[in-house]
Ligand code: GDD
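Below sits a lone chain in structure tokens, taken as the form predicted on its own.
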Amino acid sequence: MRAVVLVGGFGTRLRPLTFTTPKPMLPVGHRPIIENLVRMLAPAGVDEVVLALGFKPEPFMAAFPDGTCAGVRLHYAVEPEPLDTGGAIRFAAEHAGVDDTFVVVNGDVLTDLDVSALLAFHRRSGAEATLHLTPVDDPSSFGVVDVDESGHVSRFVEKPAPGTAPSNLINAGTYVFEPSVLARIPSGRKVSIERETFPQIVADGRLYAMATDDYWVDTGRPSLYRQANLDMLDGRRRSLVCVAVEPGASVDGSARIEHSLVAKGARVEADAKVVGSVILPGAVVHRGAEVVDSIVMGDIGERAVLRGCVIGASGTVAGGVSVSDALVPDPSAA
């Protein structure tokens, strides 16, 4: 079985981290997001993942030079221009010659969903397309699904105004499609699967959905990306855990690492303190610096204090200064 994973976005909400690293290549639990996704798909019998690529395809190819990830074959489909979600799915599926039931996953979602169960539900219902749903407190930023007890979808409302949503069940970004879905997507232009294609399938009575309470997080915002890493450390995932300090990281014996991840290739010097933070490959936290609730790729000067910051690979914080809730470099100046 094959799966199409959408990894061609610009990762705008995660800037400045994504100035240098595509969002699906950012690590969660010391593994790239895309590898975490592949590890979710493999137990369901997925033996080939088609990466729907656009923005910065080279890092994916460099990371998996033998064309496999977690033992699963990779197929690279690099779209010639941005085609939105529906257009990217059709382009990637046709590029790989997909002609049977297949799975689609948004490349910024991490979940403990049992994909085998979603496939079984899809086949039982006779659906043309099946969505995974998850409950959230505020559904206004998501695609909201109105579904009956059998899983039949009667409405699909993309990002409803606050207070108008038909339910609190949102599109969680994992789907099962029959190949006939591809014929519904016009070729050669941008097509939103959520706004254009799903309503067509609803109108024909062939869109179904399965809701679960499995772990689920959209890693597309810094606060949630940081939380996804800490969740791995805290054992909140069903089967995935990680160590706080990855082998290959340089952490001085006098540094304090509290509820944080430090990646291979990062350096934390003497008397530094790191709390509730993610220190990514290449980052340097100099002597006596304090990093709290932050994500760091760049260089933090001696005795600097960071709180709630995101520091990109080219970002530097001068020694002795205090910075709160800052993005460095500032994406708005790019």
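One rule holds for the numbers: they count along the sequence shown, beginning at 1. In this text, all values refer to a predicted model and were calculated from it rather than measured experimentally.
One more form of this protein should be noted, the form predicted in complex with the named molecule, which is absent from this view; the next part is about it.
Chemist: Residue 111 near the named molecule in the predicted complex, any heavy atom under 4.5 Å?
Modeler: No.
Chemist: I'd like to check something about residue 84: if you look in the predicted complex, is any of its heavy atoms closer than or equal to 4.5 Å to a heavy atom of the named molecule?
Modeler: Answer yes; at least one heavy atom of residue 84 falls within 4.5 Å of the named molecule in the predicted complex.
Chemist: Residue 194 near the named molecule in the predicted complex, any heavy atom under 4.5 Å?
Modeler: Answer yes; at least one heavy atom of residue 194 falls within 4.5 Å of the named molecule in the predicted complex.
Chemist: Within 4.5 Å, heavy atoms only: does residue 216 come near the named molecule in the predicted complex?
Modeler: Yes, residue 216 lies within 4.5 Å of the named molecule in the predicted complex.
Chemist: Please pick out the stretch from 150 to 158, 246 to 254, 120 to 128, 222 to 230 that is in contact with the named molecule in the predicted complex, where contact means heavy atoms within 4.5 Å.
Modeler: One stretch meets the cut-off, namely 150 to 158.
Chemist: Just one of 79, 94, 178, 146 has a heavy atom within 4.5 Å of the named molecule in the predicted complex. Which one?
Modeler: Checked against the cut-off, the match is 79.
Chemist: Which listed residue (103, 98, 88, 210) meets the criterion of a heavy atom within 4.5 Å of the named molecule in the predicted complex?
Modeler: The option sitting close enough to the partner is 88.
Chemist: Across 236 to 257, which residues bring a heavy atom to within 4.5 Å of the named molecule in the predicted complex?
Modeler: Residues within 4.5 Å: none.
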